[in-house]
Ligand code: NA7
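Take a look at this one chain, the form predicted on its own, written out in structure tokens.
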Amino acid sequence: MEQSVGFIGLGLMGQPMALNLVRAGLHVTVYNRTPEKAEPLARAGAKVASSPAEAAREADVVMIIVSDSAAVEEVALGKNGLLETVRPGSVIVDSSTISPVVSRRLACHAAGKQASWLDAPVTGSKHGAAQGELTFMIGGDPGALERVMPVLRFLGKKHIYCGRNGAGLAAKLSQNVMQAAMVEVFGEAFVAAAKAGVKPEALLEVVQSSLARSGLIDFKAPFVFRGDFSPYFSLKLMHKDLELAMEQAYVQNVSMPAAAVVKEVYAAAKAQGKGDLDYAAVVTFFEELAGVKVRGGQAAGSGA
């Protein structure tokens, strides 16, 4: 039987995800705090709701992808929140990257409504969202996951079950710690080499010929060299995820000294006004300190 979907959050990732569901022929009702972002969905055939509660009212599956823990709590528990109207037996799939503690609490609220809550953050950036090739990291009831797989298959190429509620988020936060650290170290190393007179292209070739090669750096380096920091994933959101990872580590009594330093570097770059840029813009923090650029395809003095 065809499932109806309520979709809440139409930002950089949510809009292309919701469009894929509409194009797949599902009955989709969308809600976004900024109504203008729903217009492309309305043109594609989606119904536009005036509140999260309206989006969830007739839905078998409710999907959420918003910016942070507070936003998820607001759409779930706030006035006209989705838990006011969610139907018994429905499944709420939260693809936001939020605190695992908050997510588990919301799963308890959903259970009180006889609904299931899955934390299902994604990786793959806006390109993967548009192509329906995201990777989902999922925590919660395996039976609920099985029920929503017909919907999730339109959105992702891989769906990895990680364990109980909160486990999908724990996996996502750990992954983002690694990505953030790799890009931060890329910035340190390439600026240091540029200061010593090494062309960035030459260092990239060295890295790509060694065990230090990374698919992430292969992807990011050309954008950095062009000075193109259009956001695939914003620096402010990466900093938010680093903060969440450190909170999780504290709760679990896990030491993450390198991640703590990386978080402070992203905080400093955010304080310089780079928050809305792609997180690869962290390289400019090191450029400005060293007075040298790796952008423009070659090492250049800061006055160039």
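Since this is a predicted model, take the numbers as computed values, not measurements. Residue indices: 1-based, along the sequence shown.
What follows is about the form predicted together with the named molecule, which we do not show.
Within this chain, V22 is remote from the site of the named molecule in the predicted complex, having no heavy atom within 4.5 Å. Contact annotation for K240: at least one heavy atom lies within 4.5 Å of the named molecule in the predicted complex. Within this chain, I65 lines the site of the named molecule in the predicted complex, having a heavy atom no more than 4.5 Å away.
Taking non-hydrogen atoms only, E188 never approaches the named molecule to within 4.5 angstroms in the predicted complex.
This chain is displayed alone, yet in the predicted complex one of Q252, T34, S255, S50 has a heavy atom within 4.5 Å of the named molecule; that residue is T34. Between the options A110, I138, V75, L155, the residue in contact with the named molecule in the predicted complex by a heavy atom within 4.5 angstroms is V75. Stretch-level contact check against the named molecule in the predicted complex with heavy atoms at 4.5 Å: of 90 to 98, 143 to 151, 215 to 223, 156 to 164, the positive one is 90 to 98. In the predicted complex, the named molecule lies within 4.5 angstroms of at least one heavy atom of each of the following residues of 3 to 17: G9, L10, G11, L12, M13, G14, in sequence order.
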